[in-house]
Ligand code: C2E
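One chain comes next, on its own, written out as structure tokens in the form predicted alone.
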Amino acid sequence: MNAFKSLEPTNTVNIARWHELEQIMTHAMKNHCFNMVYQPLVSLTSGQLVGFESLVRCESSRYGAVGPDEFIPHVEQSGMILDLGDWIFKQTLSDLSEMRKIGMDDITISLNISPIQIIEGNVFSKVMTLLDKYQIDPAAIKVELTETALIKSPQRIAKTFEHFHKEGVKIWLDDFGTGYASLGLLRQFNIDGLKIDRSFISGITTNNEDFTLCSAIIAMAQRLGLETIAEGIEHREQLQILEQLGCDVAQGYLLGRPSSLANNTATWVKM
């Protein structure tokens, strides 16, 4: 039983969409309507590609495209995330293996993980088995979990993170600044890096509060020995400010949209 499955929405429109999504996701799971795309991560120090974030997309001939902001919460609440997550891990690490074969030896991949996968899906064993199968160094993997997810079964999550760390897998906190993380939680979960939420990056050039917050996060991370990634960068002015503040890695449409393995290798291998 899914410990996180919530009650269906009470709003009439939401109820209708919930049932529609149930039908769409059931069809998508049975008919393999998911595919992986990868968004580049670029060093602000060297300007070089350092990795990709692995992202799942859903599109079928019957229902069309469904955005991840909508289908990810649904598959988490319905429990489908366990089977979908297993497929994501396998496809992503298979794709990383292909990247390594064509010379992208230093590239890392960021895997988004749901707390449900940790608590109910034995995610550590599954990831390590696949790393062994594809002969990938665990140091090439970064596991990302959102800030708000840390409050769900924190002891179990901390234990899983400990196992990952022992194998050399890095742990990153996604959407930092939007949830409940504190300095104590960063220490408790032994976090390696922070992803600054796009909502703060979008206003960094025009909003003094966003600038101050980004500056404080980066300075705090530097003091704690943590790396930082700024996501959602769309304008060169944002990139320049983040570079001046000492942010380590940049991600966003300015540097590259999420795209297929083939498109990314064609773009980056020749550079």
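One rule holds for the numbers: they count along the sequence shown, beginning at 1. These numbers were taken from a predicted model, which means no experiment stands behind them.
What follows is about the form predicted together with the ligand, which we do not show.
The partner is absent here, but in the model of the complex a heavy atom of 175, alone among 192, 120, 175, 95, sits within 4.5 Å of the ligand. Residue-level contacts in the model of the complex: of 113, 141, 127, 149, one residue has a heavy atom within 4.5 Å of the ligand, and it is 113. Contact between residue 198 and the ligand in the model of the complex is found at the 4.5 Å heavy atom cutoff.
Although the partner is absent here, residue 233 sits close enough that one of its heavy atoms falls within 4.5 Å of the ligand in the model of the complex.
In the model of the complex, the ligand sits within 4.5 Å of a heavy atom of residue 69. At a distance threshold of 4.5 angstroms between non-hydrogen atoms, residue 82 is out of contact with the ligand in the model of the complex.
With the ligand omitted here, the record of contacts in the model of the complex names 50 to 58 of 209 to 217, 22 to 30, 241 to 249, 50 to 58, defined by a heavy atom within 4.5 Å.
Contact with the ligand in the model of the complex holds for none of 44, 228 and 268, as no heavy atom of theirs lies within 4.5 Å.
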